[in-house]
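Next up: just one chain, as structure tokens, the form predicted on its own.
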Amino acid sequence: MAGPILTVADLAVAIAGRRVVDGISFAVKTGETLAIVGESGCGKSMTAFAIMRLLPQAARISGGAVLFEGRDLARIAESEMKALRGNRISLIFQEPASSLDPLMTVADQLIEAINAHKPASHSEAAAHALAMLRAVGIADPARRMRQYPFELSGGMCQRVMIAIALACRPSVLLADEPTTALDVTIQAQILELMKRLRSETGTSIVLITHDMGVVADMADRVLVMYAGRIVEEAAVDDLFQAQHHPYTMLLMRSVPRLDAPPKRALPVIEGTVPSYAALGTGCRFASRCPFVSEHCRAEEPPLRQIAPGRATACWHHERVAAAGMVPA
């Protein structure tokens, strides 16, 4: 793999003066898939929206940089960002049914995305749109072009969203929970499609998910987020072999297993992600952590490298790793 195509450096996003994304840093190499995992409310989607400059009105980038092709996306003019968005860097939204325009046909929405960045005649854009639907595995694409989103299944709408996102062959694709609400068969097809397109086009993927099964199938590296911060970073194989943060360990233990005893209750992580207004000076996971100490409550641990390509934000990471070797 070549060097980073996207570098996020100490990115912070604030809402009403409170940081909901707090000092996030990572880099994505060309052709790499980086997964960002965590519960709802941990800041995963907000990170993606900040990269794309699509934050809600109440939110703003309050610090850091997003470096892409030599430009800081956090600081360039909106006209420059508009030229990149959907062209060189694209986003698949979490809910395709609500992201697609119900009053426009599939053809009109694809052609609009194509013409926004690569002006062409209507027939040329229509031919490209048809080819994109065929590329994402939609059967009878000519008929689907004439239909509206409400006439399509959830899986087809997701494929249309992927076709729109990839129409201009972006260098980076952000995928925000791309298989949410899809049945397992369609989910497998969508993931296989994304892997094939990555292989064919060399597109780098930032995959946002809470599904560790999807992470195992798709990712090269993983970032684990909790309450707006990265708490663990590792290559995917290393992360599944041993976890060095209690939150990661508990996430892994909550994944259903085929070899688990019958009728055994699925382990859960007690409590909820704290509100940003309630964050104190200590570790953000302290109230839910089985390894918590007074040190944890008094001082927030920084994200520290503990091995090449491996980092964690835990004062007791060695104890966590040792405990993770014992079956849950």
Partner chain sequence: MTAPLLEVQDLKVHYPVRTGWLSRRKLFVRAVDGVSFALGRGETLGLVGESGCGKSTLGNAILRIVEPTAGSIRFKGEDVTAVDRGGLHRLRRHMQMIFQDPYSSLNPKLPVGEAIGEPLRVRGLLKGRALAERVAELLTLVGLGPEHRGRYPHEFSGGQRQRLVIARALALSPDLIVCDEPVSALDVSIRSQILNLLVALQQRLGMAYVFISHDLSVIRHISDRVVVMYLGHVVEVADRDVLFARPLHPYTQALISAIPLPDPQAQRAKRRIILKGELPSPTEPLTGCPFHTRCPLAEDRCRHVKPALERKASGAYVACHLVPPAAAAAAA
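Residue numbers count along the first chain shown, from 1. Computed from a predicted structure; not experimentally measured.
If you look for the form predicted together with its partner chain, you will not find it shown, but the lines that follow are about it.
- Per the 4.5 Å heavy atom criterion, its partner chain in the predicted bound form is contacted by stretch 212-220, the sole one of 212-220, 121-129, 67-75, 199-207.
- Only one of Val224, Leu173, Ala163, Leu251 comes within 4.5 Å of its partner chain in the predicted bound form through a heavy atom, and that residue is Leu251.
- Only one of Ala27, Ile269, Ile61, Ala286 comes within 4.5 Å of its partner chain in the predicted bound form through a heavy atom, and that residue is Ile269.
- In the predicted bound form, its partner chain lies farther than 4.5 Å from every heavy atom of Ala298.
- Taking the partner from the other structure, its partner chain in the predicted bound form has a heavy atom within 4.5 Å of a heavy atom of Asp183.
- Among residues of the shown chain, Met156 is one whose heavy atoms approach its partner chain to within 4.5 Å in the predicted bound form.
- Interface membership of Asp140, defined by any non-hydrogen atom within 4.5 Å of its partner chain in the predicted bound form, is ruled out.
- Taking its partner chain as it sits in the predicted bound form, the stretch 227-256 comes within 4.5 angstroms of it through a non-hydrogen atom at Val236, Asp237, Phe240, Leu251, Ser254, Val255, Pro256.
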